[in-house]
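Before any questions on how it binds or moves, here is one chain, the form predicted alone, in structure tokens.
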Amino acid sequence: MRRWNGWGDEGVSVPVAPEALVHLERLIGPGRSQPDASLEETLARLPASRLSVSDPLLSTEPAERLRHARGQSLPDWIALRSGRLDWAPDAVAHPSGLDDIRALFRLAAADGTALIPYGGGTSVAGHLTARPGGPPTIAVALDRMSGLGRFDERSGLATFGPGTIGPRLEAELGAHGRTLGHFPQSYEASTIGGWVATRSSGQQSLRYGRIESLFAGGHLEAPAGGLALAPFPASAAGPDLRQLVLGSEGRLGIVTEVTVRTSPRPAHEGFLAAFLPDFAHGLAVARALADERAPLSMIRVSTAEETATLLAAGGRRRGLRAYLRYLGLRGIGSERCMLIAGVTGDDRTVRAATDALHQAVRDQRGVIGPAGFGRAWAADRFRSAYQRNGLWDAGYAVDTVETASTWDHVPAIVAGVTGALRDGLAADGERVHAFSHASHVYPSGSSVYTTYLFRLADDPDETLRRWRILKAAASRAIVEGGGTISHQHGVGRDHASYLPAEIGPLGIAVLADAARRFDPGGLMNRGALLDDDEVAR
């Protein structure tokens, strides 16, 4: 069962290495472990349901409401761990198909109720949490609308229910010798409908493409009616309405069917590590490989700070100190950065990708690392998020911000965001550890993903206040540095105030017009993506 107040499955524990805790204590001080509210205490404090109607589709059972009340953002964690929830959905629905979705629309319209689509509950941008004081709200959980519905061998097109989680999707495609190749870090818990709704990017998007490349069509059911999106391989019949559904974040309606382009399962897959003298040399490798369209499936370049943190998090690996001394002899010292590359495909593709990587690394005075580094990264790629649980228990809060920009802006964005975060709590006498990596590289630029840690305060409200300071500082640095406010996590409620700076007044007006057209009664996920005042105009 999914953990109710943290990341992942209750039965999985990934401990934080003692060396990592020593590293953190040296950087920002000893953690301040805080007691968690129990499930019973949190249920006792849960706001009472305000729903005035009953319906067989709806459950107002407190535990069901609690488990659909939050996502995985740091404010979500603070609320759940402290038991201080000022809002929860008033009911949860588990529709089984289109008829149930339409019945929910009718019920919500008649009763003045809002609806929030709920996929895997992995949002880190506030998609699932409405503001207190709004109308009664129903969380529409899509877990019963899951699984492979259709697969066409000739076209490779597969149609899934929106609530299909990553491992089930890959298992069902694997039975046909196919893969989608979409592997975000949340892969084990997130859903294909959520990937479409938030415009997700998988770790190996360099080979398979982002979700917008994989999304061939499907169906969006809106309060105003249904929108069928035929999976044509290409079309010149006006603007592509799939692009309106992608990233719509439940504001226009509910994605009820997703058709995707699949690929043959690769014959070989592996991950290689390399070390470069510094981050600038690492970016030069990534740019060169992306520009020449080297057939790699992934390129990820860590800053020196992230490299040091990752090496500490790995614990006492045999021979690590000796290997670091060897790197020093090769001119790769304390500013070293680690690069991880994915090689995926048939024998010829893997050879070509490996040769291109080796050449690019040599050109920048780097060293290809031992195979163990790449294998360790692959083994932890979906498990590392579990360390958030252990870090919280040790007294540290963890959050991330992400963006993307063109290559000329990437170095300054990394410096600006990490600098804003490190100095963000200076007035409180607190230090912040921030580190970044460039990933999801493109010929014209890269995403930038920044993780930051700070100590929990004695009062959860104070921890939340500090998070708001840091989130605002990082978001301003992104906007001022020329980056997008979201590369892969969507906008949600946490980033909505920064969207106008990116798309301008006319862009906001166009999105608001679309929301009114699809959802004239304002039933859908109010406050996500767009400010409600913009839609009401």
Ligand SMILES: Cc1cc2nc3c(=O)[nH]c(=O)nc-3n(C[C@H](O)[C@H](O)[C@H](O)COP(=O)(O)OP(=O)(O)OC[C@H]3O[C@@H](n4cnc5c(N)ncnc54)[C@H](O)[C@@H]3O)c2cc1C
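Just so you know, these numbers come straight off a predicted model, no measurement behind them. We number the residues from 1 along the sequence you see.
A second form of this protein, the form predicted together with the ligand, is not displayed here; the remarks below concern that form.
Could you work out which of I254, I138, L169, A88 is the residue within 4.5 angstroms of the ligand in the predicted complex, going by heavy atoms?
The option sitting close enough to the partner is I254.
Would you kindly say which of G445, G218, P184, G345 lies with a heavy atom within 4.5 Å of the ligand in the predicted complex?
Result of the distance check: P184.
Suppose contact means a heavy atom within 4.5 Å; in the predicted complex, does that hold for all of Y118, T191 and N525 with the ligand?
Looking in the predicted complex, the three residues Y118, T191 and N525 all sit within 4.5 Å of the ligand (heavy atoms).
Non-hydrogen atom contact A412 with the ligand in the predicted complex at 4.5 angstroms:
Contact check for A412: no, nothing within 4.5 Å of the ligand in the predicted complex.
Heavy atom to heavy atom, is P162 within 4.5 Å of the ligand in the predicted complex?
Answer yes; at least one heavy atom of P162 falls within 4.5 Å of the ligand in the predicted complex.
is_contact(L276, the ligand) in the predicted complex, heavy atom dist at most 4.5 Å:
The answer is no: L276 has no heavy atom within 4.5 Å of the ligand.
Please run the contact check for L453 against the ligand in the predicted complex: heavy atoms, 4.5 angstroms, yes or no?
Outside the cut-off, so no.
Tell me which stretch of 106-114, 192-200, 463-471, 90-98 has a heavy atom within 4.5 angstroms of the ligand in the predicted complex.
Of the stretches listed, the one contacting the partner is 192-200.
Would you give me the residues of 464-488 that have any heavy atom within 4.5 Å of the ligand in the predicted complex, in order from first to last?
The stretch touches the partner through Q488 alone.
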